[in-house]
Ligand SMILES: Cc1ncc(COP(=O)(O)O)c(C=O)c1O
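In structure tokens, one chain follows: the form predicted alone.
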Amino acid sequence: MLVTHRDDVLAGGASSPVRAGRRVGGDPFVCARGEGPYAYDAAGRRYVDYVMAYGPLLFGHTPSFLSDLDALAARGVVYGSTNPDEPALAGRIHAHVPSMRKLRFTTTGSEAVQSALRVARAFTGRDAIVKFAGNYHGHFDLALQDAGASAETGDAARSGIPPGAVAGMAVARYNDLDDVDRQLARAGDRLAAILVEPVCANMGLVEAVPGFLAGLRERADRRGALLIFDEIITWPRLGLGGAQARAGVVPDLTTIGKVMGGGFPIAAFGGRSDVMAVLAPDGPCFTGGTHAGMPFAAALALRVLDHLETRPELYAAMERHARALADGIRTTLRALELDYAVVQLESIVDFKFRPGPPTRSYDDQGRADQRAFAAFYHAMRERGILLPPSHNEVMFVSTAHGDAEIELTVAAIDASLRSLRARGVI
């Protein structure tokens, strides 16, 4: 007998926990297809999509410049040998992100960050890492402690994380250099690296306060450790220079992914030549993978860069639409006398069901009303707007979102929030 119901064959009903929608309850959204700014369910109903695959779909679903893939596939999808597109792509990335002097490709962001940490340990000869609560770096052992997104690993042992992984890590409060100093004291002379998202999008949208990233740079230098920027979400969503260009702070290692493949799996890590020299075959540190730098994905990443380099106006258009969305949310919140901060950076928009200033750390995020968000999620879904089913996530605007989609969304937000007020939810 053929079993087709997802709960019978998929562990937890989904291949990634957030998709199960447990944070908001109800039936999880099942996407049958996507086109432009829209996701469609199995019944054919259309939704304006702000999940955008949690970041990669900067150009929406099925953009025309990433269609007609038969010719690329006909060359061979994966070789097991280096292909000409790998160094070509690496050189293009370095031109935009000069700190990535040498780089190596991986398949996923988790692999990229895990590899960067291994390189940092090999280069420094130390083992301790300082990371930040609410940052999300993937699903490997060290990354999950106090992570944002849908990661829930309050009990490391029960989560399958060995004591050694936790012992080699300290978790600091984001945007709090005093707390960073306390965690650095714990790490002592074992510190290999400070790992940070220069802009966070997995505990809501959180920007670094002035001086925070520069303070991390100074502290890493003083201790002979490395500074690692996780730009899996931010490059090139925040411009071809990434978040580090905006901040004016140069890390020793950087990880990138998501948008780079236009929806196909490719990621990378890279940095200073002397640091990357520890990698095999030149050094003792091994990273590798069958699909790392595969020709199909590398060719698509080159198309993504071609598209962005020749159409710089795309960034201005996305920012304009995101700003209109944020302004529309603010208008409704003012009308309802709700003191919720709306934050917008380039093509990312966010607000939380919590009065007061914007989120600055994971502690702030913990005070948001998840029950109100769950009600809002379903109210929006009823009105044809698809949001991520977790209050830790954000709204991603793509180049495919236009005035009509933004106007529809603003109207749905207004109606949804007013319905929540009428029901006494907010």
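Note that residue numbering follows the sequence shown and begins at 1. The structure presented is a predicted model; accordingly, all values stated were derived computationally and were not measured.
Another form exists, predicted in complex with the named molecule; not displayed. Remarks below refer to it.
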Ok, 227, 276, 233, 304: which has a heavy atom sitting within 4.5 Å of the named molecule in the model of the complex? 233
Which one of 83, 110, 287, 332 is close to the named molecule in the model of the complex, taking close to mean a heavy atom within 4.5 Å? 110
Among 177 to 185, 75 to 83, 133 to 141, 245 to 253, which stretch sits within 4.5 Å of the named molecule in the model of the complex, heavy atoms only? 133 to 141
Non-hydrogen atom contact residue 202 with the named molecule in the model of the complex at 4.5 angstroms: yes
The named molecule contact in the model of the complex: residue 237, any heavy atom under 4.5 Å: no
Residues of 245 to 262 having any heavy atom within 4.5 Å of the named molecule in the model of the complex, listed in sequence order: 258
